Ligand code: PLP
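Below sits a lone chain in structure tokens, taken as the form predicted on its own.
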């Protein structure tokens, strides 16, 4: 059987590799996947169940339920003050992942370039490669809180650049892009006519005095931006697979025909659950955010009490990058040895680009007792080196 060059060139992420390896152990502390232990709030579950029991289990329009697109439009208007036409500028997607993929489908011709700041969610790179594009990785570093500069961005732009993907709050670093940096990035995007694919899936999880800023805060950016979001992180709905895009009509008008050939539509009961989620208040998600902040504090304090390891306090998300450079091990060596020795699974930083070599990512998606146990085991492992 002939297997395509594309299929052969795309390799599974180290995130999934470590997750799969961890299943060999009955007592593993698994810090790999960003899948919180919080339950979807009951009122959202109820809306999904009621949809099923009332027979709302058919197809929807490829663009998604009109009612859900209206709710998404209203949510964005409430949060940003920007109007999006629910009929022509909103697309419902199978999670944010499909939304990013369909956006890239609309933008990339062979050898077109997509600028991806590192550290980056590995799927950005793989999706670009699958579509025949070229991922252009722009590195940042811990000293600058893993935020790229506008100068680095300008230096990466060529006549083949069609878009850049900005993720804030960022997976894996927890970085939240500040207003001034975003303003400079937006000026570059407008001057060079580059689309910003704005991944804001973690916007509801921001800590301390950090402030979430959006590229939509700046004049003229609606025309240069595709907003990507989902219900997964805000409402702990990872398995419901509901996301959405908001963008210029000339781009969004292409989405239904792509959706027709990819997944037809998002699961109908999930769309009704999303109407309840996005149309309700944020009390439950605010409570989850407070819980993640407590977990973050427990994790970071514990890690910083381990010789040879260090960790800055993430400003958002439920991920932390732990600096392991003083151990003298690569991130893969550290992750594999840690799992084998004390049955704790973390993700090697190299997964997220060369900028993250010397780090491992920990997802603090479990209760404090489990985090403390995981940190205790990590200390035992590091002390044994």
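Residue numbers count along the first chain shown, from 1. Since the structure is predicted, the reported quantities are computational estimates derived from the model, not experimental observations.
Although not depicted, the form predicted in complex with pyridoxal-5'-phosphate is the subject of the following passage.
Legend entry - pyridoxal-5'-phosphate contact in the predicted complex: residue 100, any heavy atom under 4.5 Å: Yes - in the predicted complex, heavy atoms of residue 100 and pyridoxal-5'-phosphate come within 4.5 Å of each other.
Inset, instruction - Tell me, yes or no, whether residue 270 is in contact with pyridoxal-5'-phosphate in the predicted complex, where a contact means a heavy atom of each within 4.5 Å. - result: Residue 270: no contact with pyridoxal-5'-phosphate in the predicted complex.
Legend entry - Partner contact for residue 86 in the predicted complex: pyridoxal-5'-phosphate, 4.5 angstroms, heavy atom: Flag for residue 86 set to no.
Inset, instruction - Determine whether any heavy atom of residue 171 comes within 4.5 Å of a heavy atom of pyridoxal-5'-phosphate in the predicted complex, and answer yes or no. - result: Residue 171: yes, in contact with pyridoxal-5'-phosphate in the predicted complex.
Inset, instruction - Work out which of the listed stretches, 146-154, 305-313, 261-269, 226-234, brings a heavy atom within 4.5 angstroms of pyridoxal-5'-phosphate in the predicted complex. - result: Comparing against pyridoxal-5'-phosphate in the predicted complex, the contact stretch is 226-234.
Legend entry - Interface residue in the predicted complex among 198, 177, 121, 292, criterion: non-hydrogen atom within 4.5 angstroms of pyridoxal-5'-phosphate: Residue within 4.5 Å of the partner: 121.
Inset, instruction - Taking only heavy atoms into account, state which residues of 304-320 are within 4.5 Å of pyridoxal-5'-phosphate in the predicted complex, ordered by sequence. - result: Just 319.
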